[in-house]
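Here you get one chain, nothing else, as structure tokens; it is the form predicted alone.
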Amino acid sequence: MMKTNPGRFFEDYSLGQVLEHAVPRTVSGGERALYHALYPARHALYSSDAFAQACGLKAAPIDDLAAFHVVFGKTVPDVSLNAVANLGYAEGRWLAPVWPGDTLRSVSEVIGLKQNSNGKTGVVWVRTRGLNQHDAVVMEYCRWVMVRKKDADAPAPETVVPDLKTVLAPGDLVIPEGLDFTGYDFTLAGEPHRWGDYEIGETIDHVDGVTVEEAEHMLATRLWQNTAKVHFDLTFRPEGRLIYGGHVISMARALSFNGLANAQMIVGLNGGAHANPCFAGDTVKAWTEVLDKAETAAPGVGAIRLRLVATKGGEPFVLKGDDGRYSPEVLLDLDYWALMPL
């Protein structure tokens, strides 16, 4: 009996299969400190207990993307250990804040399968839920991954491509209980711009850039206990260790503070694509397009839909060429909902 885990290959998945992921993780203030050391993260709601309490919460939660990375990392040994690439996201929702002291675990269900025409790989769709120690679901999202086949002659499964929402409706968003921005302190938050100051179609160049270093991305990937071989083992990707896509997401989100300091909480993930690979030495920059806005039932709280684009030093506001393909400079195209004071 094999004692080690070689990871699942495409033919090891079946529709409706439920994957209970190992190694629950108790998060602490250490997660926040390491997250803020790895990224220039400065959103006040996640930095200050006092600021969060003034906004109606009991304390500063763990950063939304830090919680996402913990939940995501649990899934890697079962979903993407033999992945060629993580292809996209949809229907992501943050359903409850994650507090220091919470213990997170992950469960995924296979919701789609499609073998690629080359017969050597296939795409697996999963819906993942992150649960806390009370078995309450704190977040959920779908993602799809291209996975190698172990045996190219293994029969292809019936193709099932799930029908996923391209955009979450404002009514799908869950506002944290007690959140109240009516007494919001714009001075402490760092910028005066509120929900009403942003126009649909507006674009924002976040100006700053960060060059990705080999050591920091490997530290981040280990922090989230992400074991995907392409991030560590050069024999799987001789041109360089692939930077974990979540590292690029968090870097771009942190860079977006300059211009969107008051987009405090991510509550919805409509879609996302890792358009081109990122390697150590690439300089990540970011720009945003405002896609939509909506009021919410929470006092003083508006929802804003944003397209966050990370590039490797490319010109801002260039996304795709005339052929419809992403520009080679684009690393990330992320569509999300955030909460902002009205």
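A residue's number is simply how far along the shown sequence it sits, counting from 1. All values reported here derive from a predicted model rather than from experimental measurement.
Quick note: we don't show the form predicted together with a further copy of the same chain, though the next part is all about it.
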*Out of the stretches listed (228-236, 139-147, 155-163, 169-177), which one is close to a further copy of the same chain in the predicted bound form, meaning heavy atoms within 4.5 Å?*
228-236
_Is Leu34 part of the interface with a further copy of the same chain in the predicted bound form - any heavy atom within 4.5 Å?_
yes
_Touches a further copy of the same chain in the predicted bound form: Asp49 (any heavy atom, 4.5 Å)_ = yes
_Taking any heavy atom pair closer than or equal to 4.5 Å as contact, tell me whether Thr187 reaches a further copy of the same chain in the predicted bound form._
yes
*Contact of Gly259 with a further copy of the same chain in the predicted bound form (heavy atom, 4.5 Å)*: yes
*asked:* By the heavy atom within 4.5 Å rule, which residue out of Ala54, Leu38, Ala298, Leu291 makes contact with a further copy of the same chain in the predicted bound form?
replied: Leu38
_Listed residue that, although a further copy of the same chain is not shown, lies within 4.5 Å of it in the predicted bound form (heavy atoms), from Ile111, Leu223, Leu131, Leu95_ = Leu223
*Since the partner is left out here, which residues of 19-35 would have a heavy atom within 4.5 Å of a further copy of the same chain in the predicted bound form?*
Glu20, His21, Ala22, Val23, Pro24, Arg25, Thr26, Ser28, Gly29, Gly30, Glu31, Arg32, Ala33, Leu34
